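Coming up is one lone chain in structure tokens, specifically the form predicted alone.
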Amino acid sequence: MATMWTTRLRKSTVEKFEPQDILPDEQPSYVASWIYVFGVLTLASLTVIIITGLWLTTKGVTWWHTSSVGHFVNSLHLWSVELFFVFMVVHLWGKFWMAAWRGRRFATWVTGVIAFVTSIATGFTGYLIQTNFDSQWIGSQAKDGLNAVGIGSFFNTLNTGQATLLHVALLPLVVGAITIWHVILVRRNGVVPPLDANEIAGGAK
């Protein structure tokens, strides 16, 4: 029946996609520009973050202090996070100056911005659970700032357990869900063309 929520959901998602949208085998010529690469680099960095993060999760937050392998995995996790933010910032600014919300892509732009903001919170909680003097200093400094704006009663930066739960269980799920939504919108609406390019029907949507 057309009134069932499953029918409405299917019509608003799956039935709106063509095979070419989901797994394209060609792209407009302007996609050869380097500015379009940073979105993929962001996703590649996120993949490494997830893999190394899961490894660290199974071993515990203090594993990297006592194991050379743990130290290596933790370093991979740290530097993939650093590269993730570099690539994401370049991607964000590149799309800003390209006015990437054009052509009914406003939702694509908004989900990207939300993913960026949520990633900052995820990275912040990651620094809090390093279980070293660095995380202690960050937590003590951030506590005063959060208390000043009235958030300290909900989130205690010196509570390692709370920060670990947010970093491992909650925030990555939010970032992952928004990222998947963002990629689906990109596949549905196509990549945004440069400002001086004409959008051709059947090419960039």
Partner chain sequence: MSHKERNVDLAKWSGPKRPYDLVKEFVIALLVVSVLVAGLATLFGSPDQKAVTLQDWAKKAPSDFIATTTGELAGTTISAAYGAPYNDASEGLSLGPLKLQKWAGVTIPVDPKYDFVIEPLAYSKDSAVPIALDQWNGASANQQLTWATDYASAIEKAGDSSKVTSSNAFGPVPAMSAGLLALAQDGNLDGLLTTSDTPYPSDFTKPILFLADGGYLDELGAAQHLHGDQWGMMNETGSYPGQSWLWLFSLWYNVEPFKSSENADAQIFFVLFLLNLGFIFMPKLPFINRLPRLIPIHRLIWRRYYRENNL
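Keep in mind that this is a model prediction, so the values were computed, not measured. Residue numbers count along the first chain shown, from 1.
There is another form of the same protein, the form predicted together with its partner chain; it is not shown, and what comes next is about it.
Engineer: Does its partner chain, in the predicted complex, lie within 4.5 angstroms of each residue among W55, V69 and P172, using heavy atoms as the measure?
Structural biologist: The answer is no: none of the three residues contacts the partner (heavy atom, 4.5 Å cut-off).
Engineer: Under a 4.5 Å heavy atom criterion, is V40 part of the interface with its partner chain in the predicted complex?
Structural biologist: Answer yes; at least one heavy atom of V40 falls within 4.5 Å of its partner chain in the predicted complex.
Engineer: Determine whether any heavy atom of T179 comes within 4.5 Å of a heavy atom of its partner chain in the predicted complex, and answer yes or no.
Structural biologist: Heavy-atom contact with its partner chain at 4.5 Å: absent for T179.
Engineer: Verify the contact flag for I138: yes if a non-hydrogen atom of it lies within 4.5 Å of a non-hydrogen atom of its partner chain in the predicted complex, no if not.
Structural biologist: Taking the distances in the predicted complex, the answer for I138 is yes, it comes within 4.5 Å of its partner chain.
Engineer: Wondering, does K59 line up within 4.5 Å of its partner chain in the predicted complex on heavy atoms?
Structural biologist: No, K59 sits far enough from its partner chain in the predicted complex that none of its heavy atoms falls within 4.5 Å.
Engineer: Between 73 to 99 and its partner chain in the predicted complex, list the residues on our side with a heavy atom within 4.5 Å.
Structural biologist: Residues within 4.5 Å: N74, S75, L76, L78, W79, S80, V81, E82, L83, F85, F87, L92, G94, F96, W97, M98, A99.
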